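Below you'll find only one chain, the form predicted alone, shown as structure tokens.
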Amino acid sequence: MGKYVIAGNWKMNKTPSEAKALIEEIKPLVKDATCDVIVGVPFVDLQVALEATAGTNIGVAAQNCHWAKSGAFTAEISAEMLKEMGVGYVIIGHSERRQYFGETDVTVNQRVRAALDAGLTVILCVGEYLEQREQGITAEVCAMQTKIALQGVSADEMSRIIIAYEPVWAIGTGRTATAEQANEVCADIRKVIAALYNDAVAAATTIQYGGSMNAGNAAELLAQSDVDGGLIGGASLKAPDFATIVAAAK
């Protein structure tokens, strides 16, 4: 199966000084991790995060990038800018970007393409709204988002794609998909990848669960056969909770 990856998505939290303090607290707690560990920090925290994690087993992710290399896109950040800073990962297509900032499946694909071209590894987010789950179209929605986002991505490039299944109804709501629900959708996404590429690529792709994964439910979620890690929101802002989740990813 895919390599276990636990990534924190800090969202719009922590000033640079607060970011440094949190990373210093996290470092000793995860130094013996058997999975990959990533912190996804706001743009203004990237420099201190890179400095604080230098020489450690913690990777640093930006929370978005633009699809253009440069141009008249005020306040945007290009993948090349991130790469030159030393950033290794970028989160793309998070439901909050789709919900509040007009991201579409097409722009997600453009951002994925730009990130891969710049040499970054992408954490690609897909997931359904509550009404879509209630309509019984979760598998179709996640399949469509995955297929469009991966348009033009080669089988070789899939080694730099991590997929995060994030049911929108479970993000920041305290509601969590059951372990069985999470595993079912992650397995469905893996089948989509197998159809797009082949079984070997599907098996090697890391598919995370995101959506109120926390210290209390991480072990059960991560024990599922098709859940290869987590994209962690609120719990990633508390070093002991984040470390507990990392420890559960065996």
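Don't overthink the numbering: it's just position in the shown sequence, from 1. Just so you know, these numbers come straight off a predicted model, no measurement behind them.
The discussion below concerns the form predicted in complex with ligand PEP, not included here.
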Taking the partner as it appears in the predicted complex, which of 166-174, 138-146, 75-83, 101-109 has residues with heavy atoms within 4.5 Å of ligand PEP?
-> 166-174
Contact residue in the predicted complex, from 49, 213, 207, 182 (heavy atom within 4.5 Å of ligand PEP) | 213
Residue 238: heavy atom within 4.5 Å of ligand PEP in the predicted complex?
-> no
Is there a non-hydrogen atom of residue 16 within 4.5 angstroms of a non-hydrogen atom of ligand PEP in the predicted complex?
-> no
Does ligand PEP get within 4.5 angstroms of any non-hydrogen atom of residue 11 in the predicted complex?
-> yes
Check each residue of 216-250 against ligand PEP in the predicted complex and list those with a heavy atom within 4.5 Å, in sequence order.
-> 231, 232, 233, 234
